[in-house]
Ligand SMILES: Cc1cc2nc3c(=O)[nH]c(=O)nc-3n(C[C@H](O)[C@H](O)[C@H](O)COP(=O)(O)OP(=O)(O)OC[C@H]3O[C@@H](n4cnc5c(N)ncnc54)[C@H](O)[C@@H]3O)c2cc1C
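In the block that follows, a single chain appears as structure tokens, in the form predicted on its own.
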Amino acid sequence: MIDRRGALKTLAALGAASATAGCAVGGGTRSAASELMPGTARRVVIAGGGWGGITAARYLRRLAPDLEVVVLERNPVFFSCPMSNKWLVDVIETNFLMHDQLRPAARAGYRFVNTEITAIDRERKRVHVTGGYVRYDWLVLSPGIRHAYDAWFGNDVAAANYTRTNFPSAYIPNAEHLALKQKIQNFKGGDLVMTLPPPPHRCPPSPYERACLIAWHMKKHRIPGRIVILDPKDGIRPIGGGFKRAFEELYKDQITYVPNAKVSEVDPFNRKIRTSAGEFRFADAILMAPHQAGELCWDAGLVKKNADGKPVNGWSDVDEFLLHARDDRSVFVIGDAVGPVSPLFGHYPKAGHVANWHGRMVANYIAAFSKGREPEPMLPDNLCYMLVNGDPREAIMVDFKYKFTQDLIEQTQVDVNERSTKLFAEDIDWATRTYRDIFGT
């Protein structure tokens, strides 16, 4: 068990491991160094040790014990984005979010390697890391997202870095979470502006939950100020009714919600934002740039581009049923980086629950391929619980179900807008069960 003080120190140290989260790895040197971990067994390399990657590793060892499984991850410990909004305002402890990576790997029988991936060579089936390369027979990419600051700043790296440092979004597991927690706890008042990414983005209801919990913190500590939510959409979704009631009934003095506020210009130095709903100035901000597939998908050439070589949507182009690259059945993408899977609804929700399901699905697919069989397509489901009140601890939720309909994937969404303490208890139980599934504890 990691004690709270030690956990916070470890979280702060993740900044060094994650400093390149917004920088391309495609320029990494493909070193002439020798192969790392040479061997004769067929091997699955999993790039990314988060909700999807670790799940895939555990299930692969169970379903295909003859395969060697290697997980490559730049962060030394697992830190969960799901549930982190509650941690920001001290509803849950650090230990509930952080998990050791080495002991679960030893128990399940896969290798966990803490390293930086510098390049992916699909032609030679190599993943280049610091000091050499690791070969693979199958590759699973689970890189999460990247922040597309270029949508705001073009090639202005200074503005992007200033924004990342001073107004972090904390949507990628790294030291930004600690920086945002300190920002919230040190906030003295004024307008705190939150920009929401345009859809699709990581965990669609999460920004609204974050706003509610910061508003609860401000109300509890009598901090004179408000949260201004700049939403590019025309309304709150998902769970629109539940969040709308929370804004109006619990935080009418703390939250100002602005729909149709598509960002056109961000000036972080002078603290102002121009949107289609007007210009806004701020005392402080949480600036969430548009989201795209994580850098590894770009480096591997898996982001779909048009005839002019420009990205179509910024997400990985994969087979909607088996999640492998359309041009390479030895490479899979799971979790948030996956592109649209159905013309009926577009993307799966970019959530930890879906990533966990993707890990299980791809483990089944690779196990079948390794035995010379064509796999049967599987479908995920998704649950998202959102805490909207800290006292009493009341949550709302959204439930997604999927089925095959005439060779398409169909989505059914059910919003539970009535906030209750029962749903918060279910949320804690869901996280505990899912951690157990990921780490085998």
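Here the structure is a predicted model, which is why all the values come from computation and not from measurement. Counting begins at 1, following the sequence as shown.
Although it is not shown, the form predicted in complex with this ligand is what the next lines describe.
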query	finding
Any non-hydrogen atom of L72 within 4.5 angstroms of this ligand in the model of the complex	yes
M386 within 4.5 Å of this ligand in the model of the complex, heavy atoms	yes
Heavy atom of C212 within 4.5 Å of this ligand in the model of the complex	no
Contact of R164 with this ligand in the model of the complex (heavy atom, 4.5 Å)	no
Proximity to this ligand in the model of the complex, single hit among A170, I227, M361, V263 (heavy atom within 4.5 Å)	A170
Heavy atom within 4.5 Å of this ligand in the model of the complex - the one residue of T275, T115, S330, S370 that qualifies	T115
This ligand in the model of the complex: contacting segment from 151 to 159, 300 to 308, 263 to 271, 344 to 352, heavy atom within 4.5 Å	344 to 352
Members of 258 to 294 lying within 4.5 angstroms of this ligand, judged by heavy atom, in the model of the complex	none
